[in-house]
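Okay, here we've got a single chain as structure tokens, the form predicted alone, with questions on binding and movement later.
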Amino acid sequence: MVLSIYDTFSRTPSEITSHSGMVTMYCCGPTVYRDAHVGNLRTFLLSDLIARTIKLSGLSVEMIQNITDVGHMSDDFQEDKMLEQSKREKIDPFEIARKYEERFHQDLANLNIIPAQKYPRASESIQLMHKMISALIDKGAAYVGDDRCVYFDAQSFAGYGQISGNRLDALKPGHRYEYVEDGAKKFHADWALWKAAGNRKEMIWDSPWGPGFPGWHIECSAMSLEFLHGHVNVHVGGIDLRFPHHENERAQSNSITGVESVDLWVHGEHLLFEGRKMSKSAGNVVLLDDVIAKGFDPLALRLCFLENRYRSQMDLSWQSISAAHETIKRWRNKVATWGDASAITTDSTILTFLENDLDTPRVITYLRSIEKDSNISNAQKLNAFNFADQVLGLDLTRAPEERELSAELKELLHQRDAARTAKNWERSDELRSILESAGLEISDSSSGQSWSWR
């Protein structure tokens, strides 16, 4: 199997390569000052889908996902989001970080996302960043400004803009995260690698350039190269990170290694909720805890994501989550009735879909079609669902819910059986509709009617 996935850098589907059977992956992780919303979780699921598909091919994966616990900086170089949340909750900023980091890992577990091999924290990788910044200065790719901040010299990297298409000569002063008015930078598109503490009293560290804190972009370069042995086969993140974060990260990393440090840049698209971008001001930010609180299986959210291409904008809704919840329940019931699972064999149709840029929507459509196909044996259906679930991760072999049939439903089933005996087909169909709306699936055969929970 050869997995081909869309590479943002080359703008073409490209094959994932490995060294000695090991694929190195880096996924930009959360900034742990708040809960990850479902849009963030869609990106984290993308790295899981890639890793599971690679493993299905017989290769191994080494995955690293960073934890940003020093905060993202605001546009004007002032207080970061970690400190803002610390004041809001009246607890230490590092307590804020550990609180939301723990909740992030719980969200991943609820979505059946296989853990990365390491989750390095930015706060524990400061020395790695110092080492890289010093090397960039020595190579002439960075400099100390008059404000005692250390800046990357954007003009020193000739390939800047190849991920996002943003050319240096077209960037206007004040682009994201890097606006300063005092002329400390040589060029307006340079960005900070290390920021002087100034009046800031918390979350600062000593450095060769004085007390301060790291810029946003340097942590991913430092950690990805350190923990993945100097080269990344697949780098994953949300489309919003394409610029400036990944553009700047590439410039930093390549300036250190002298070659392309990442083979493939893979980005997941934006998520809307009921037609609108999620935001606090709109009051439509949805967390995985909200999905669970409504009584839905958290894997219903996973199925919703799988029904959409990862690099297409997606519109999520409570209705789609509810429908996915019912589908998972039905599939678990079906899998339980199709017999005992034996050794799983390769389903070439499913494999072809996955090889083609993770076409999970076609896998879902394929499963729906064979579920209803009476010409396919139960053993074949069971194998297809189990093979697909190695990547889909819907836990389809989980024992279905044991549900009692209410006295009312028992009576309706009895009435329908009587209607069929009397050949009152109109009444039989009417009762079928009522029973199905209550969550039953009705089957008729020469031996009579049978039912199961959907």
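Since the model is a prediction, treat every value here as computed from it, not as a measurement. In case it trips you up, residue 1 is the first one in the sequence shown, and so on.
The discussion below concerns the form predicted in complex with a small molecule, not included here.
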Review point. Picking from 353-361, 161-169, 139-147, 263-271, which part of the chain touches the small molecule in the predicted bound form when contact means heavy atoms within 4.5 Å?
Key: 263-271
Practice item. With the small molecule left out of view, choose which of 392, 50, 63, 28 has a non-hydrogen atom within 4.5 angstroms of it in the predicted bound form. Key: 28
Check your understanding: Just one of 241, 316, 132, 288 has a heavy atom within 4.5 Å of the small molecule in the predicted bound form. Which one?
Key -> 241
Check your understanding: Is residue 385 close to the small molecule in the predicted bound form, meaning a heavy atom pair under 4.5 Å apart or at it?
Key -> no
Point to revise | Proximity of residue 428 to the small molecule in the predicted bound form, heavy atoms at 4.5 Å | key: no
Point to revise | 4.5 angstroms heavy atom contact with the small molecule in the predicted bound form for residue 215 | key: no
Review point. Taking heavy atoms only, is residue 34 within 4.5 angstroms of the small molecule in the predicted bound form?
Key: yes
